[in-house]
Each structure stands twice: as structure tokens, then as C-alpha cells.
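Below, in C-alpha cells: the form predicted alone, a single chain.
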């Protein structure tokens, strides 16, 4: 296949994946987004449908149960699902990260036990890194795994973990050789029904409320040797290695929020009348819409460019950080403008603009805060 033929094939696949995700979001997600936000209910029915539609494991090879598509496809799916409701897109992104670790570093037995059921929507995962003193500073993780004759003994706790309240298993980063610093972490697959595995308090979040977050506690959980994922003492680097893909995903999720904010703002501006005319006729409103549109377009292009670099096999850490940082900052700024365009009603719970404003904020924080993204960008520039 020539480069031109490949580009044409990729463009067709991107269009097909986008259209499929958009139709699903319009038909299945948007009608219940407000209810999910209000109830904080995990959308079990959507989770199963996403899996059946092939929205889980988008970049995972087909022979492992994935869609066998590229990161560009993943970005487009994340945007369209987020345009429906970011909490649902968040599940797609979480499965993608865990599935990538399992596909790239899991044994055949681990893939059979975890990867296949995960991609079919039969099992739910948690990605357990963050601790009270280890957020941006992942190297400060204190959860410990000590080798025993039977395998490992895991002790410690994690905070603010996506899907902790509903996960069937967790991918856990733990210290296995404290004296080695960053080179002394390993990854473990821990079943939620194992003795000593405790689910802590579910948190009540500002936004993305249907994507549950909570604490996990490991009280001397006994693990067999085959619970370790990937090489010994390489866990820090393996988990950090999937974050570029994760940041492209969050950038795309932020673009979806931006697009939804633009859509609802345009519709309201055309309908709402003041001083005898639609507010869309006022230059102050027009300029807010214009800025929202140009930043949405820029964020989308940056996200697609980062995805394309990764699909070409190039290092794209700086591009992924730029896309995530720009898109999430723009999402927070322009969802605030969407509320402003709506006026008083935009401040009322149940209005889409109000929910989008709350949903946007976390995009500046998770998958690496935007302060960390700026550090990554600066280091790349100065290296």
C-alpha cells in the first residue's frame, strides 16, 4: 500500500469511526446525560453497548479482541462520545489505557483473563496510581508489594481512582524495590474479590459525575506470581509510557466538550431575544461565539496532529502535552462563555451549558495537570 493509499484508507476509517460514535452519542448518550449527571449513576447499559459497538480497545489488534484502528480513530471516537457526555467518553479512555498495558505487556493467560472480557464489556477496570502524597509526583507512590514464597503481599491505598467503586479488577502501581527509586516499581493485577481488597468512600464530584471515583485499600492482599503485569521493577516506565495516548484522549474529550458548548451556545443565541432581537445579532455575543469556534478548531487540529505523529511511530510527548493543555484550557474558558451567553438560565442545574462548565474543569487536572504539561513542553524545548 502506498502512502497515498494508506492516507485515504485512514481518512475513510476516521470518518466511519466518527460517524458511528456520533450517531451513538446522539441516540444513546445525550438523551440521558442530564439524568446521569444528577443521579451519579454508572451507565451499565451504555457500557455494554459501547463494547458491542467496538468502542473499547480501539487501537488494540483485532486478534486480541480490539478494533485494530489507529490513535487518530481513538481521538475521533473520544471527541464524539464526549460531545454526548464526557463521563461516557472517560470510560472509553480508561479501557484504552488498561487494554494497551495488557496487550503490550500481558502474558497470554493475563490477556485471556482480563483483556478479552474487558473489551467485551464483561469486566470493569480501575487504573490505580494516585495516592494522598503522589499525584503529579508519581515517584512518591508508597503502596508496597513485598515478595513472598507464594508470590507477593500488597499493602497500601489509592485515592481518586476512576471506577474504584465499580471495578472488577485494578491495575495497581506499587513499590517492589524502594532503594531503586523510579526503577523500583511494578504493576499488579488485583481482583476486587480478593481478601484484603477494600473499596473506600465514593467521592461526589463537581463534574463528570457518572464516571465514579473513589479510594482503594490493600490490606496485605496476597497475590500469586502471575499477578504481576510486565517486567519486574519496570512499572513506573510502563505506566508512564501509555500516558501520551491518554493525553491525546483527554485532549479529544475536551474538544468534544468545546464542540457541545459551541453547539448549545449557537442554538440559544439564535432563540433568546432581548431588546427586540435575537442575542445572536449582538456583536458581544458574536465575538464570544467566534472565539469559541476558532479555539475548538485549533484544539481539534492539535489533537489530530499529535495522534498522527504517534500513528507514524514518532515520539509525540510534546505534541500530546500541547494538545491536552490547550484543549482543556480552552474548554474551561469557553464553557464559562457558554454559561455567560445563556445568562441566568445558564447557571441553573440541568441546563447543558452548566453541566459542560463543570465537566470541563477536570480536564485541566487528570492525565497530568496542565502545569505538568507545561513542564514537559518546556523540557522538550530546552533539551
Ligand SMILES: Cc1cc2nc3c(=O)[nH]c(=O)nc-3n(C[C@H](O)[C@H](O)[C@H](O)COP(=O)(O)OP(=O)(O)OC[C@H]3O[C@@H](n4cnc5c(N)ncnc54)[C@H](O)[C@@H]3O)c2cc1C
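The shown structure was predicted, so the numbers you read here are calculated from the model rather than taken from an experiment. Numbering follows the first chain given and starts at 1.
The same protein has a further form, the form predicted in complex with this ligand, not shown here; the description that follows concerns it.
By the criterion of a heavy atom within 4.5 Å, residue 135 is counted among the residues contacting this ligand in the predicted bound form. Proximity of residue 213 to this ligand in the predicted bound form falls within the 4.5 Å heavy atom cutoff. This ligand is not drawn, but in the predicted bound form it has a heavy atom within 4.5 Å of residue 127. In the predicted bound form, at least one heavy atom of residue 205 sits within 4.5 Å of a heavy atom of this ligand. You can rule out all but one of 71-79, 135-143, 289-297, 305-313: in the predicted bound form, only 135-143 has residues with a heavy atom within 4.5 Å of this ligand. Among the residues 115, 101, 161, 170, the one placing a heavy atom within 4.5 Å of this ligand in the predicted bound form is 161. Though this ligand is absent from this view, in the predicted bound form it lies within 4.5 Å of a heavy atom of just one residue from 365, 23, 16, 10, which is 365.
Looking at 279-313, no residue comes within 4.5 Å of this ligand in the predicted bound form, counting any heavy atom.
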